[in-house]
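Given next, in C-alpha cells, is a single chain: the form predicted on its own.
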C-alpha cells in the first residue's frame, strides 16, 4: 500500500520539504518506509501528487514531489449540523461523514443535547485520517458549536436545510429530495440538521418546520441513533443531490506494473 498523506505545504513537481511531525512519525515508525519509497500527497488546494521519500534520519523525513496525479476537485456543498454526542459516537460520525463527502461540520446545541464538550482538534485529526484513506482531495471544515437559536439567526436562507424530523407530517427523505432536485430555483448549497439522542423538542421542530428554507424529512419507521440518522441522511443526499453518480479514481497499479 502506498501511503497517502495530507500536508500543508504548497505542492508542485520538484518541491522538497521536511514532513511534519505527524506524517514523519507515521512514515518512520508505523509504515517503516525508507528512501525511495513512493507516497501520495494532497493539500486541499493544489491537487494530488506523486512523491517519494528522499531521506530518512533520526530527526526528520524528507519528501520530494514528483508529478501531478489528479487536479484539485471539491465535494458537494453540504454541511452536517448535528447535536454533539458522546466521544466514541461523535468520533465515528466525523470519520464516516468525512468518507461520505460532507463539506463542513456544524455542532448545534439543542434543548435535549446531552454532551456539551467537544474536542475540535481531535475531530479535525479524525477528519484528516478519513480524508487520507478515502482519496478525497478536500478536508471538511470543523466549525465552533452554536446554539440552535444562533444557527437559525445567522443562517443564509439561500442554503436549504434538510431537517431530520422524528415527528410530525413529513415526506420520506428520498421523495422529498427528489422533489427538491426538480426545483431549478434552488442554489446548490445545503445543510442537513439532525437532533440529539433524545430528539428535538416539540417546540424546536415547530419552529424549524415554519422556516421557508427548511424541508422536514422522514428516515423511516425505526428509531435511529443520532449518528445513524445523520449518516443515513447524508448517504441519501449524496445519492440524489450530491456526487453519488461519480466513480472513485482509478486504483493504483503495483510498483513496476504498466496498464494493459
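Residue numbers count along the first chain shown, from 1. Just so it is clear, the model here is predicted, and its values are computed rather than measured.
Another form exists, predicted together with S-adenosylmethionine; not displayed. Remarks below refer to it.
This chain is displayed alone, yet in the predicted complex one of 165, 108, 123, 97 has a heavy atom within 4.5 Å of S-adenosylmethionine; that residue is 165. Checking 210, 45, 225, 202 for any heavy atom within 4.5 Å of S-adenosylmethionine in the predicted complex turns up a single hit: 225. Candidate site formed by 76, 130 and 140: none of these residues places a non-hydrogen atom within 4.5 angstroms of S-adenosylmethionine in the predicted complex. For residue 218, a non-hydrogen atom is located within 4.5 Å of S-adenosylmethionine in the predicted complex, even though that partner is not displayed. In the predicted complex, no heavy atom of residue 191 sits within 4.5 Å of S-adenosylmethionine.
Proximity of residue 197 to S-adenosylmethionine in the predicted complex falls within the 4.5 Å heavy atom cutoff. Looking at residue 229, you'd find a heavy atom of it within 4.5 angstroms of S-adenosylmethionine in the predicted complex.
Between 150-158, 100-108, 68-76, 165-173, the stretch whose residues reach within 4.5 angstroms of S-adenosylmethionine in the predicted complex through a non-hydrogen atom is 165-173.
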